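So this first bit is one chain, no partners, the form predicted alone, shown in structure tokens.
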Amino acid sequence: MMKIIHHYTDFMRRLPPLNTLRTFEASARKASFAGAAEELYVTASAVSHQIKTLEEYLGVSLFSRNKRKVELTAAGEQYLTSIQHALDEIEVATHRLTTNPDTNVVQISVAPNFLTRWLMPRMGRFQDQYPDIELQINASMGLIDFNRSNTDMAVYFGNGEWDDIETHFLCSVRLVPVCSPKVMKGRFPLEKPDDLRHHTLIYVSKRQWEWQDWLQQAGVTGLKPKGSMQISSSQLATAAAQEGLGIALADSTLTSREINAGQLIVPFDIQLETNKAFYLVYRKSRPLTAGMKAFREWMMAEMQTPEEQFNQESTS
């Protein structure tokens, strides 16, 4: 009788407690034990204890401490890079496992001007085509950290160059001057670009160069307008122009409904190319749910729908 003995070599990962790693990463990112405590919903003393436990386990100091803040040591900086990468991988793997590929709920973050002037007027068309899909929409100007957010997709405004992001081009942004119809009936109607000197020019605060670029393209130099108004966003600037407060530069695509309805007038058909566009984006390599696929396909198709066709269908 032959007796076969199998020898198994036990393998146990030498890992510190996961909770100490989460605490270390939060403390390093916040540069504060108190900040980490607030994020993790624990006390500052609990954070300090977790960090001490991790340092004893590793046998190195991760932070240099003073009364006002904490700073990473050289060893701490080196360790942080690896820990953040590992935690990101765990988060992504967890999200992939727990995300239902058949879910019909899609959380979307959209640039406000695009949301109110393009997407919202078309939402009825999406609901008619996909009645079982629920869109949860948030207006946001900022970029989304998809690894730390529940947001599935977003509409960004920019040049299309974002790290670890899948981008789908939607439309270029071209600016034209717009104004209220009553401006054209006033004392100084806009017959040529130089007539802008009799009016108030409305600027978007963070993009004040746009009017200068447009005037240069129109062949106008040294123009001094009657007045100027700075407004924080394109959406509000267009609304101010519609109220007759001045002349604004607005995207020709996003204001097409108001232009076609006669609520806004384009006095000069001179377009300024901004070299920027709107993009539908989501995290690179992310498996798309059924709802996300449907929304992406609808957006891309809707962008190809001629504006005249949309206006006819929306009024019929």
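Rigid core: the largest C-alpha set superposing within 1.5 Å between the two forms. Here the structure is a predicted model, which is why all the values come from computation and not from measurement. From 1 onward, residues are counted along the sequence shown.
Below, we refer to the form predicted in complex with the DNA, which is not included among the displayed structures.
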ask   = Would K284 count as a contact of the DNA in the predicted complex, using a 4.5 angstroms cut-off between non-hydrogen atoms?
value = no
key: Exercise: F278 in contact with the DNA in the predicted complex, heavy atom 4.5 Å   = no
task = Would you check, heavy atoms only and a 4.5 Å threshold, whether S256 touches the DNA in the predicted complex?
result = no
Contact of V70 with the DNA in the predicted complex (heavy atom, 4.5 Å) = yes
key: 4.5 Å heavy atom contact with the DNA in the predicted complex for all of A34, V42 and K52   = yes
query = Which residue among V60, V266, A290, A46 has a heavy atom within 4.5 angstroms of the DNA in the predicted complex?
reply = A46
task = Quick one: find which of 243 to 251, 26 to 34, 270 to 278, 256 to 264 has residues within 4.5 Å of the DNA in the predicted complex by heavy atom distance.
result = 26 to 34
ask   = Hey, does L21 budge by 2 Å or more at the Cα between the shown form and the other one once the core is superposed?
value = yes
message = With both forms fitted on the core, check whether the Cα of V47 differs by 2 Å or more between the shown form and the other one.
response = yes
